[in-house]
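Shown below, as structure tokens, is a lone chain in the form predicted on its own; questions about how it binds or moves come after it.
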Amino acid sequence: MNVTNLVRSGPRIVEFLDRMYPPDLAWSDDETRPFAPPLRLAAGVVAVTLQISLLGTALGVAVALLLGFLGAENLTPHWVHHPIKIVLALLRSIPVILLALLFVAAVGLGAFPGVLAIAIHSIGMLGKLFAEECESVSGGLWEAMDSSGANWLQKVRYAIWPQVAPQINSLTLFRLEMNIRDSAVLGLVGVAGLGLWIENYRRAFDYASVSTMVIVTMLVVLAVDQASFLIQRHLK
């Protein structure tokens, strides 16, 4: 920590924020602009960002559910859950922006590499959390169904799922919020969405448009947060 540098940085921070004020709220084109006004692009860019986040989260949750059940110590033998936990640890150890760089190089620019990066990182994180939820449940119902001759899928469906479903729903919604923020950051490496246009305007030194896109990002995250709260309250 260097407190002196932090104190001295105050004027530079103020100068940077001053460049971003006021936000660019123009709608019409201007010949001096390298890009279209941010408000004209906002709706389409937000739609792409939400699509990346929703699809990436959906793919991640689908795989994480399977790996979470298989990776729980109380549901599978050691030779099954131990390798799965290692794989999940490796997946979440790779930064999402590095995954995006990999997939941009593999499949090209656009939304698709963002979906893949978010899905894989979500698998690593949610798989671990889902497994821990399964490990924390009461084993009495599992043992009762086991003694009655139920197979593994039946025991998971009727003994484990009712106990972990509320927590899994909550973790999924929380991860969706994180993925929306991540999808904005992934624009720095060429993934379509809000982050890409924030970077485009920054490179053009159009800080007023950067400010507009940042505000749009904040509003989208706030809206998703409120929607998640309402969904969780409804599920309860």
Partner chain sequence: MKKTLTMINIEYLEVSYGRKAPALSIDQLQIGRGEHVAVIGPSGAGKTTLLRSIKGYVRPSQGKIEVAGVNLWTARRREQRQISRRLGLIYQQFHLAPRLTVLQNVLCGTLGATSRWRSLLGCFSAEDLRIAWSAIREVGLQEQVHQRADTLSGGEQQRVAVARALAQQPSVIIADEPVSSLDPAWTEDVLKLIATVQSRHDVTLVMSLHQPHLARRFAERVLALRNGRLVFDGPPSALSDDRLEELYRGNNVISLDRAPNTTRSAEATPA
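Positions refer to the first chain, counted from 1. Remember, predicted model here, so these are calculated numbers, not experimental data.
In what follows, reference is made to the form predicted in complex with its partner chain, a form of this protein that is not presented.
The closest non-hydrogen atom of residue 95 lies beyond 4.5 Å of its partner chain in the predicted complex. Put simply, residue 108 is far from its partner chain in the predicted complex: not one heavy atom of it is within 4.5 Å. Looking at residue 162, you'd find a heavy atom of it within 4.5 angstroms of its partner chain in the predicted complex. Contact annotation: residue 143 falls within 4.5 Å of its partner chain in the predicted complex, judged by heavy atom distances.
Picking from 180-188, 204-212, 46-54, 163-171 the stretch near its partner chain in the predicted complex, with a 4.5 Å limit on heavy atoms, gives 163-171.
Among the residues 80, 150, 86, 102, the one placing a heavy atom within 4.5 Å of its partner chain in the predicted complex is 150.
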